[in-house]
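First, one chain by itself: the form predicted on its own, in structure tokens.
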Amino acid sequence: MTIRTLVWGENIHERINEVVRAVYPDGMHTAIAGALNSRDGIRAETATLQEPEHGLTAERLAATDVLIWWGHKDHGAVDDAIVERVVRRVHEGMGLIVLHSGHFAKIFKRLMGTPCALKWREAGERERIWTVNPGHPIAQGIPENFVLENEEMYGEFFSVPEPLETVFISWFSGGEVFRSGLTWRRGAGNIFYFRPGHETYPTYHNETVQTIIANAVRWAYRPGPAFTALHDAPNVPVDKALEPITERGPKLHQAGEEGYK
């Protein structure tokens, strides 16, 4: 089974900043997708903020098993209707991987229900990433720890809900630590947040980082049809109850009437 993966990139810094363009001449989204396409069982395409409907039409999302999200400069430009469209697909079982500054993306904040705020410093610090859940599928083939020589610091407190699992923790030269690989489930959808990926550094060219993202795609993938029944709230008639019952007392709704939403 090929996992249909869509890598979404804001695609602003690559176009306006010479430093970022030198590191990712074709965009970060293209670099990530290219690395994924070198892995067995994954077929990755890209979409960007500048495309009609941000490249996230209902038809395209319906054909996506896992969505990867990178944004930073203009989270507010993402249309709210598109946010709700993506959230609906995650609830139905589409996997979501949020990278680095995507912690402030509307989609991530909507799914987390919290501010998703953190401390940060842009000083090109060494980041040592520790694998604290070595048995997790996302950590397969990843060493006990690995180093990124230059990265932006993210520090605790990270105001997200308590995760389902913590897979990685980062330490920075300045002394801060950060829960840098976290998982959640929303509806039928698996969500993974992975911290590294500041745009001025070649993080997405790092083979270990690429392996973690590929592992996350496989982990987030949910086989089978979309779980669309999750959105339903059917009124079950008395005569359709699994066991015979007698209707009693006053009620608000007529038989078969839709509930209030």
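Under this definition, the rigid core comprises the largest set of C-alpha atoms superposing within 1.5 Å between the forms. So that there is no doubt, residue numbering starts at 1 and follows the sequence shown. It should be emphasised that the depicted structure is a prediction, and the values quoted were computed from it without experimental measurement.
As for the form predicted in complex with another copy of the chain, it is not shown, yet the points below apply to it.
Undergrad: Among 206-214, 193-201, 37-45, 55-63, which stretch has residues whose heavy atoms lie within 4.5 Å of another copy of the chain in the predicted bound form?
TA: Result of the contact check: 193-201.
Undergrad: Using heavy atoms and a 4.5 Å limit, would one call Val83 a contact residue for another copy of the chain in the predicted bound form?
TA: Looking in the predicted bound form, residue contacts with another copy of the chain do not include Val83, since no heavy atom lies within 4.5 Å.
Undergrad: Does the 4.5 Å heavy atom contact test between Gln50 and another copy of the chain in the predicted bound form come out positive?
TA: Residue-level check for Gln50: no, no contact with another copy of the chain.
Undergrad: I'd like to know if Glu156 sits close to another copy of the chain in the predicted bound form, meaning any non-hydrogen atom pair within 4.5 angstroms.
TA: Yes, Glu156 lies within 4.5 Å of another copy of the chain in the predicted bound form.
Undergrad: Might Val78 be said to contact another copy of the chain in the predicted bound form, defining contact as any heavy atom within 4.5 Å?
TA: No, Val78 stays farther than 4.5 Å from another copy of the chain in the predicted bound form.
Undergrad: In the predicted bound form, which residues of 13-42 put a heavy atom within 4.5 Å of another copy of the chain?
TA: Heavy-atom contacts to another copy of the chain in the predicted bound form: His13, Asn17, Val19, Val20.
Undergrad: Under a superposition restricted to the rigid core, does Glu18 display a Cα displacement of 2 angstroms or more between the shown form and the other one?
TA: Comparing forms between the shown form and the other one, the Glu18 CA shifts below 2 Å.
Undergrad: Taking the rigid core as the superposition reference, indicate whether the CA of Ala229 shifts 2 angstroms or more between the shown form and the other one.
TA: Shift at Ala229: below 2 Å after core fit.
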